[in-house]
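In C-alpha coordinates, the next block holds one chain alone, the form predicted alone.
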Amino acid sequence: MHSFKDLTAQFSQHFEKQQFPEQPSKLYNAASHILGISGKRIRPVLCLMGNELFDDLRTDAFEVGSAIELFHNFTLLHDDIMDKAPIRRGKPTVHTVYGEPAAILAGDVMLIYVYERLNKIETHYKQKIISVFNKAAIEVCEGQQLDMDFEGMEPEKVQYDDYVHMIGLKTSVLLAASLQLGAIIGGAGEGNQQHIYSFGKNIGIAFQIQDDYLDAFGDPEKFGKQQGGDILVNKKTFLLLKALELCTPEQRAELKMLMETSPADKVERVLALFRSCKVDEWAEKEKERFQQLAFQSLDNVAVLSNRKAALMEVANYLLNRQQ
(Lines give C-alpha, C1' and ligand atoms only; values in the text may rest on other atoms or scores of the structure.)
Protein backbone atom coordinates (compact mmCIF):
# COMPACT_ATOMS: atom_id res chain seq x y z
CA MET A 1 0.00 0.00 0.00
CA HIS A 2 1.18 3.49 -0.86
CA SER A 3 0.59 6.77 0.97
CA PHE A 4 -1.31 9.67 -0.59
CA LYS A 5 2.02 11.48 -0.97
CA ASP A 6 3.62 8.55 -2.81
CA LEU A 7 0.64 8.14 -5.13
CA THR A 8 0.57 11.87 -5.84
CA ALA A 9 4.21 11.70 -6.90
CA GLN A 10 3.55 8.66 -9.10
CA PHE A 11 0.55 10.27 -10.75
CA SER A 12 2.36 13.56 -11.31
CA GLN A 13 5.19 11.74 -13.06
CA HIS A 14 2.64 10.02 -15.30
CA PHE A 15 0.49 13.10 -15.98
CA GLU A 16 3.06 15.85 -16.39
CA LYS A 17 4.02 14.78 -19.87
CA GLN A 18 3.02 16.84 -22.88
CA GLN A 19 -0.76 16.47 -22.98
CA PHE A 20 -1.52 18.32 -26.20
CA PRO A 21 -0.07 19.11 -29.65
CA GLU A 22 1.78 22.38 -30.20
CA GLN A 23 -0.59 23.87 -32.78
CA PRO A 24 -2.83 25.83 -32.75
CA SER A 25 -0.71 27.31 -30.00
CA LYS A 26 -3.35 29.60 -28.51
CA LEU A 27 -5.79 26.72 -28.10
CA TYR A 28 -3.35 24.28 -26.53
CA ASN A 29 -1.46 26.90 -24.51
CA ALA A 30 -4.79 27.87 -22.96
CA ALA A 31 -5.52 24.23 -22.11
CA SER A 32 -2.02 23.76 -20.72
CA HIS A 33 -2.38 26.92 -18.63
CA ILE A 34 -5.06 25.45 -16.36
CA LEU A 35 -3.10 22.21 -16.01
CA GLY A 36 0.02 24.18 -15.12
CA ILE A 37 -1.64 25.93 -12.21
CA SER A 38 -0.48 23.60 -9.48
CA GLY A 39 -3.29 21.64 -7.87
CA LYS A 40 -3.34 18.75 -5.45
CA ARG A 41 -4.46 16.15 -8.06
CA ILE A 42 -6.84 14.84 -5.39
CA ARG A 43 -9.38 13.17 -7.69
CA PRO A 44 -6.99 11.11 -9.82
CA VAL A 45 -5.06 10.05 -6.75
CA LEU A 46 -8.34 8.90 -5.20
CA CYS A 47 -8.79 6.74 -8.29
CA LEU A 48 -5.40 5.16 -7.62
CA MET A 49 -6.32 4.68 -3.99
CA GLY A 50 -9.64 3.08 -4.93
CA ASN A 51 -7.72 0.62 -7.10
CA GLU A 52 -5.13 -0.16 -4.43
CA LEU A 53 -7.77 -0.62 -1.74
CA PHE A 54 -8.71 -3.88 -3.49
CA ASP A 55 -5.71 -4.94 -5.57
CA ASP A 56 -2.26 -3.96 -6.82
CA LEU A 57 -2.03 -0.73 -8.82
CA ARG A 58 -2.75 -1.16 -12.51
CA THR A 59 -1.77 1.01 -15.46
CA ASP A 60 -5.43 1.58 -16.28
CA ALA A 61 -5.88 3.46 -12.99
CA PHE A 62 -3.38 6.05 -14.23
CA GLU A 63 -5.22 6.41 -17.54
CA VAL A 64 -8.59 6.80 -15.83
CA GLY A 65 -7.01 9.16 -13.30
CA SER A 66 -5.69 11.28 -16.16
CA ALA A 67 -9.17 11.39 -17.70
CA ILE A 68 -10.59 12.50 -14.34
CA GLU A 69 -7.97 15.23 -13.95
CA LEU A 70 -8.59 16.53 -17.47
CA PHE A 71 -12.33 16.58 -16.87
CA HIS A 72 -11.96 18.31 -13.50
CA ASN A 73 -9.80 21.04 -15.01
CA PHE A 74 -12.23 21.41 -17.93
CA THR A 75 -14.98 22.14 -15.39
CA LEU A 76 -12.79 24.62 -13.51
CA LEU A 77 -11.92 26.43 -16.71
CA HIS A 78 -15.58 26.86 -17.71
CA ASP A 79 -16.65 27.61 -14.11
CA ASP A 80 -14.14 30.46 -13.98
CA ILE A 81 -15.68 31.94 -17.14
CA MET A 82 -19.21 31.68 -15.73
CA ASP A 83 -18.12 33.10 -12.37
CA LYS A 84 -15.97 35.81 -13.99
CA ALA A 85 -13.21 34.74 -11.61
CA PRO A 86 -9.88 36.57 -12.10
CA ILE A 87 -7.76 34.18 -10.00
CA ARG A 88 -7.51 30.39 -9.71
CA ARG A 89 -5.07 28.89 -7.22
CA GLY A 90 -3.37 32.24 -6.86
CA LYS A 91 -2.75 32.72 -10.60
CA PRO A 92 -4.66 34.43 -13.44
CA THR A 93 -7.48 32.33 -14.85
CA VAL A 94 -7.36 31.07 -18.44
CA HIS A 95 -9.96 33.49 -19.82
CA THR A 96 -8.17 36.50 -18.31
CA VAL A 97 -4.95 35.53 -20.12
CA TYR A 98 -6.22 34.09 -23.43
CA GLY A 99 -9.74 35.54 -23.70
CA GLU A 100 -13.08 33.80 -23.36
CA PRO A 101 -13.31 32.26 -26.87
CA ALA A 102 -9.96 30.48 -26.52
CA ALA A 103 -10.81 29.41 -22.96
CA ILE A 104 -14.13 27.89 -24.04
CA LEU A 105 -12.47 26.02 -26.91
CA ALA A 106 -9.68 24.85 -24.63
CA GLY A 107 -12.25 23.37 -22.28
CA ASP A 108 -14.00 21.68 -25.18
CA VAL A 109 -10.85 20.04 -26.46
CA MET A 110 -9.90 18.91 -22.97
CA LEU A 111 -13.21 17.08 -22.71
CA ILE A 112 -12.49 15.25 -25.96
CA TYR A 113 -9.06 14.23 -24.64
CA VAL A 114 -10.84 12.73 -21.62
CA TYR A 115 -12.31 10.05 -23.86
CA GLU A 116 -9.00 9.53 -25.64
CA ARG A 117 -7.68 8.47 -22.24
CA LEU A 118 -10.66 6.28 -21.37
CA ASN A 119 -10.39 4.47 -24.70
CA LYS A 120 -6.95 3.16 -23.70
CA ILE A 121 -8.16 0.93 -20.87
CA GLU A 122 -8.89 -2.81 -20.99
CA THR A 123 -12.08 -3.72 -22.78
CA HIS A 124 -13.59 -6.06 -20.17
CA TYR A 125 -14.52 -3.16 -17.84
CA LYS A 126 -14.39 -0.24 -20.26
CA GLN A 127 -18.18 -0.05 -20.63
CA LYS A 128 -18.67 0.00 -16.85
CA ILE A 129 -15.94 2.62 -16.41
CA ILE A 130 -17.39 4.91 -19.07
CA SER A 131 -20.92 4.46 -17.68
CA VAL A 132 -19.85 5.45 -14.14
CA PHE A 133 -17.76 8.32 -15.47
CA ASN A 134 -20.56 9.63 -17.71
CA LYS A 135 -23.07 9.56 -14.86
CA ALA A 136 -20.71 11.60 -12.69
CA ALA A 137 -19.93 14.03 -15.52
CA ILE A 138 -23.63 14.63 -16.20
CA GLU A 139 -24.30 15.19 -12.51
CA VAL A 140 -21.45 17.69 -12.26
CA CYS A 141 -23.08 19.69 -15.07
CA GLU A 142 -26.46 19.42 -13.37
CA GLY A 143 -24.92 20.66 -10.14
CA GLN A 144 -23.34 23.63 -11.88
CA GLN A 145 -26.69 24.57 -13.43
CA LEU A 146 -28.43 24.34 -10.05
CA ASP A 147 -25.69 26.51 -8.59
CA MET A 148 -26.31 29.15 -11.24
CA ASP A 149 -30.08 28.85 -10.74
CA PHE A 150 -29.60 29.53 -7.04
CA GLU A 151 -27.64 32.67 -7.88
CA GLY A 152 -30.79 34.20 -9.39
CA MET A 153 -32.97 33.36 -6.39
CA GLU A 154 -33.53 35.27 -3.19
CA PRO A 155 -31.38 33.62 -0.49
CA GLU A 156 -34.41 32.89 1.71
CA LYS A 157 -35.90 30.78 -1.10
CA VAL A 158 -32.90 28.46 -1.30
CA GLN A 159 -33.54 25.56 1.07
CA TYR A 160 -30.57 24.09 2.92
CA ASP A 161 -31.34 20.54 1.72
CA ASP A 162 -31.51 21.76 -1.87
CA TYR A 163 -28.11 23.37 -1.46
CA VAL A 164 -26.65 20.15 -0.04
CA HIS A 165 -28.11 18.27 -3.03
CA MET A 166 -26.50 20.77 -5.42
CA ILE A 167 -23.12 20.43 -3.72
CA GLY A 168 -23.47 16.66 -3.81
CA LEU A 169 -23.75 16.91 -7.59
CA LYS A 170 -21.31 19.71 -8.34
CA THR A 171 -18.50 18.76 -5.98
CA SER A 172 -18.99 15.37 -4.38
CA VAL A 173 -19.92 12.99 -7.17
CA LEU A 174 -16.58 13.36 -8.95
CA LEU A 175 -14.68 12.55 -5.75
CA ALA A 176 -17.00 9.60 -5.17
CA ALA A 177 -16.80 8.39 -8.76
CA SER A 178 -13.01 8.65 -8.73
CA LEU A 179 -12.90 6.16 -5.88
CA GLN A 180 -15.48 3.89 -7.50
CA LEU A 181 -13.66 3.91 -10.84
CA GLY A 182 -10.46 2.85 -9.10
CA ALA A 183 -12.40 0.18 -7.20
CA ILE A 184 -13.77 -1.22 -10.48
CA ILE A 185 -10.22 -1.51 -11.83
CA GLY A 186 -9.23 -3.21 -8.55
CA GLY A 187 -11.98 -5.82 -8.98
CA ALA A 188 -14.36 -4.65 -6.22
CA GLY A 189 -17.89 -6.02 -6.13
CA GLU A 190 -20.98 -3.83 -6.41
CA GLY A 191 -21.51 -3.62 -2.64
CA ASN A 192 -17.98 -2.42 -1.96
CA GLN A 193 -18.21 -0.02 -4.90
CA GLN A 194 -21.28 1.61 -3.35
CA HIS A 195 -19.68 1.85 0.09
CA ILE A 196 -16.58 3.54 -1.30
CA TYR A 197 -18.77 5.82 -3.43
CA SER A 198 -20.76 6.86 -0.33
CA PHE A 199 -17.51 7.53 1.51
CA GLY A 200 -16.36 9.82 -1.27
CA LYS A 201 -19.68 11.63 -1.61
CA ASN A 202 -19.92 12.51 2.08
CA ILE A 203 -16.27 13.54 2.20
CA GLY A 204 -17.02 15.78 -0.80
CA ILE A 205 -19.84 17.56 1.01
CA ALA A 206 -17.67 18.04 4.09
CA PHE A 207 -14.91 19.28 1.75
CA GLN A 208 -17.25 21.93 0.32
CA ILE A 209 -18.24 23.11 3.77
CA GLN A 210 -14.53 23.53 4.47
CA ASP A 211 -14.09 25.31 1.14
CA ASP A 212 -16.91 27.76 1.91
CA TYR A 213 -15.38 28.34 5.33
CA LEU A 214 -11.92 29.02 3.93
CA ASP A 215 -13.30 31.42 1.31
CA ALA A 216 -14.69 33.51 4.14
CA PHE A 217 -12.27 32.98 7.01
CA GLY A 218 -9.13 31.50 5.45
CA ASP A 219 -5.80 33.20 4.84
CA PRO A 220 -5.85 34.27 1.16
CA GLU A 221 -2.08 33.75 0.96
CA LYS A 222 -2.59 30.09 1.82
CA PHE A 223 -6.00 29.53 0.20
CA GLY A 224 -4.97 30.94 -3.17
CA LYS A 225 -8.19 32.87 -3.72
CA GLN A 226 -9.45 36.35 -3.00
CA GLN A 227 -10.79 36.42 0.57
CA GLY A 228 -14.54 36.79 0.67
CA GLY A 229 -14.93 36.15 -3.06
CA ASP A 230 -18.20 34.33 -2.44
CA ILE A 231 -19.43 37.21 -0.29
CA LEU A 232 -18.62 39.81 -2.94
CA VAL A 233 -20.78 38.05 -5.54
CA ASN A 234 -23.55 37.12 -3.05
CA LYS A 235 -22.96 33.43 -3.63
CA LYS A 236 -25.27 31.10 -1.76
CA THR A 237 -22.95 29.13 0.50
CA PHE A 238 -23.39 26.97 3.58
CA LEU A 239 -22.39 30.00 5.66
CA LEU A 240 -24.82 32.48 4.09
CA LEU A 241 -27.81 30.14 4.18
CA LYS A 242 -27.19 29.22 7.81
CA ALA A 243 -26.59 32.85 8.78
CA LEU A 244 -29.98 33.82 7.37
CA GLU A 245 -31.52 31.03 9.43
CA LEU A 246 -29.74 31.85 12.70
CA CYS A 247 -29.51 35.64 12.72
CA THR A 248 -31.91 38.07 14.36
CA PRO A 249 -34.34 40.12 12.22
CA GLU A 250 -32.04 43.13 12.60
CA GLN A 251 -28.99 41.14 11.52
CA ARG A 252 -30.93 39.67 8.59
CA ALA A 253 -31.93 43.16 7.46
CA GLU A 254 -28.31 44.34 7.64
CA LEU A 255 -27.10 41.27 5.75
CA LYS A 256 -29.65 41.80 2.96
CA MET A 257 -28.69 45.49 2.76
CA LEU A 258 -25.01 44.57 2.38
CA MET A 259 -25.86 42.10 -0.38
CA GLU A 260 -27.92 44.68 -2.25
CA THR A 261 -25.59 47.69 -1.93
CA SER A 262 -22.09 46.14 -1.81
CA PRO A 263 -20.24 48.86 0.12
CA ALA A 264 -16.44 48.95 0.12
CA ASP A 265 -16.28 47.23 3.52
CA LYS A 266 -18.84 44.57 2.59
CA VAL A 267 -16.61 41.56 3.27
CA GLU A 268 -15.54 42.74 6.71
CA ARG A 269 -19.11 43.54 7.77
CA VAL A 270 -20.55 40.28 6.47
CA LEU A 271 -17.82 38.31 8.24
CA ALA A 272 -18.64 40.15 11.46
CA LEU A 273 -22.29 39.13 11.04
CA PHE A 274 -21.27 35.53 10.36
CA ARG A 275 -19.29 35.47 13.59
CA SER A 276 -22.13 37.05 15.54
CA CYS A 277 -24.48 34.33 14.28
CA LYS A 278 -21.81 31.71 15.09
CA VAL A 279 -21.99 30.14 11.65
CA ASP A 280 -18.24 29.60 11.78
CA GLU A 281 -18.77 27.28 14.76
CA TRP A 282 -21.77 25.64 13.08
CA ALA A 283 -19.70 24.93 9.94
CA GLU A 284 -17.17 22.96 11.98
CA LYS A 285 -19.93 20.81 13.47
CA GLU A 286 -21.65 20.24 10.12
CA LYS A 287 -18.38 19.27 8.50
CA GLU A 288 -17.84 16.76 11.31
CA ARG A 289 -21.32 15.28 10.74
CA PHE A 290 -20.65 14.50 7.09
CA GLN A 291 -17.16 13.27 7.94
CA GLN A 292 -18.61 10.71 10.34
CA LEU A 293 -21.12 9.53 7.71
CA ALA A 294 -18.18 9.06 5.35
CA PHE A 295 -16.14 7.08 7.86
CA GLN A 296 -19.09 4.79 8.55
CA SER A 297 -19.28 3.96 4.84
CA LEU A 298 -15.54 3.31 4.72
CA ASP A 299 -15.87 1.03 7.73
CA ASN A 300 -18.45 -0.99 5.77
CA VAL A 301 -16.00 -1.73 2.94
CA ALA A 302 -15.13 -5.43 3.22
CA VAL A 303 -11.33 -5.27 3.21
CA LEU A 304 -8.77 -5.40 6.02
CA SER A 305 -8.72 -2.26 8.15
CA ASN A 306 -5.04 -1.57 7.50
CA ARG A 307 -5.81 -1.21 3.78
CA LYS A 308 -8.09 1.73 4.64
CA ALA A 309 -5.49 3.72 6.56
CA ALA A 310 -4.35 5.79 3.56
CA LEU A 311 -7.93 6.84 2.78
CA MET A 312 -8.48 7.88 6.39
CA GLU A 313 -5.29 9.92 6.15
CA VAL A 314 -6.32 11.73 2.98
CA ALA A 315 -9.82 12.40 4.33
CA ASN A 316 -8.37 14.05 7.43
CA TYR A 317 -5.97 16.02 5.25
CA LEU A 318 -8.77 17.32 3.00
CA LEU A 319 -10.97 18.34 5.90
CA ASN A 320 -8.28 20.05 7.94
CA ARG A 321 -6.51 21.87 5.14
CA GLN A 322 -5.94 25.62 5.07
CA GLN A 323 -5.53 25.93 1.31
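All figures in this text were calculated on a predicted structure; none of them were measured in a lab. Position 1 is the first residue in the sequence shown; the rest follow in order.
What comes next is about the form predicted together with a further copy of the same chain, which is not displayed.
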For this chain shown on its own, do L258, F274 and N316 all sit within 4.5 Å of a further copy of the same chain in the predicted complex, going by heavy atoms?
no
Partner-proximal stretch of 110-118, 193-201, 241-249, 173-181 relative to a further copy of the same chain in the predicted complex, 4.5 angstroms, heavy atom:
110-118
With the partner left out of view, is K91 within 4.5 angstroms of a further copy of the same chain in the predicted complex by any non-hydrogen atom?
no
Is there a non-hydrogen atom of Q159 within 4.5 angstroms of a non-hydrogen atom of a further copy of the same chain in the predicted complex?
no
Residue-level question: is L27 within 4.5 Å of a further copy of the same chain in the predicted complex, judged on heavy atoms?
yes
Within 4.5 Å, heavy atoms only: does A102 come near a further copy of the same chain in the predicted complex?
yes
Pick from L76, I130, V164, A85: which residue has any heavy atom within 4.5 angstroms of a further copy of the same chain in the predicted complex?
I130
With the partner left out here, which residues of 122-140 have a non-hydrogen atom within 4.5 Å of a further copy of the same chain in the predicted complex?
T123, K126, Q127, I130, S131, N134, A137, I138
